[in-house]
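This document starts with one chain, in the form predicted on its own, laid out as structure tokens.
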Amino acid sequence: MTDRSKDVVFSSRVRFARNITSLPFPDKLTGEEGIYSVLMRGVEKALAPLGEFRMYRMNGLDHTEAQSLVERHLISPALVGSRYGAVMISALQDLSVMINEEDHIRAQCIVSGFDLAGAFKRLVEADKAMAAQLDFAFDEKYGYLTACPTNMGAGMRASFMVFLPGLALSGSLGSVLNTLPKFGVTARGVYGEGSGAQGFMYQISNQAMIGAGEEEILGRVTKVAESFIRAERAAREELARRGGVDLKDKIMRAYGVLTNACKISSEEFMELIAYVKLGICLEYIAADADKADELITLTQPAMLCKAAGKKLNAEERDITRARIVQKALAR
């Protein structure tokens, strides 16, 4: 199902929020000794049997390295610069456990395409391992206790990143997004709450569902994802039928710029790659869809600096970005 749906659903994510009974919430923490010994060491010990993980402590972490973690969706922007923050990241980079963000533990699993069940299964394994080592704050009536009351209960968010050029360009997207609250879900930008949409991509996740179980949340978000897949594919077919040569011309011009430009900004790249991805879906362009998806991460500012091994100014990033894009999309 993942492969057949990836033209619409870019990735799936499940996140758990957990807190430790014996510690105050992160914004009330003082003193490092209790934090590192009880929490960080406990998480590290719990995850050790599950495979290779690397810990990054935010205090003192190079800014470029920290931003590259944000750009890969391995940590939230809120964790960057946190005095007591850290993250454990698996070797495959599908599982990351943020420590002392809004909650003591925010563990997430991100997988490619539409596979919420697979992400949930992987995350549950890590959650059980940590629960065996740490005393999670849990109330029989309210469920897992979290810093934000809207996360109480299962302490779970299920989300998917969705690519919606058909609905956006046909003018139907606004009405579709406006119906989401009645299904218990909401739309956010590429980097979560407070961020904007880029390249026709949106993050759809469940809203507060206090009292709802994990399976209910998964089921509801899965149904919404399936409806998006059907609606977007229908919109693309109609768009291709009505758009004709004008739509194809815009797509091919976007491809021409990306494969020939000497420098390109991040904003222009995100606009053009969206049309190229649409062209690949409509079989106007014989390029590798996975490579086009990978470029969205590889061409982010911090990722470019990390690859170059040095800090790049804006023009140097634009030149490097153009070179990477040309190489990836060239026939």
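What you see is a predicted model; the values in this text were computed from it and never measured. All residue numbers refer to positions in the sequence shown, first residue = 1.
Unshown form predicted together with a further copy of the same chain; subsequent notes refer to it.
- Just one of Met55, Cys262, Ala289, Leu50 comes within 4.5 Å of a further copy of the same chain in the predicted bound form, counting any heavy atom, and that one is Cys262.
- For the options Val124, Ala117, Val257, Leu177, the residue carrying a heavy atom within 4.5 angstroms of a further copy of the same chain in the predicted bound form is Val257.
- Within this chain, Ile20 is remote from the site of a further copy of the same chain in the predicted bound form, having no heavy atom within 4.5 Å.
- Taking the partner from elsewhere, Arg253 is found to have a heavy atom lying within 4.5 Å of a further copy of the same chain in the predicted bound form.
- Within this chain, Ile319 lines the site of a further copy of the same chain in the predicted bound form, having a heavy atom no more than 4.5 Å away.
- When contacts are judged by a 4.5 Å heavy atom cut-off, Lys248 counts as touching a further copy of the same chain in the predicted bound form.
- Heavy atoms within 4.5 Å of a further copy of the same chain in the predicted bound form belong, among the stretches 70-78, 160-168, 238-246, 225-233, to residues of 238-246.
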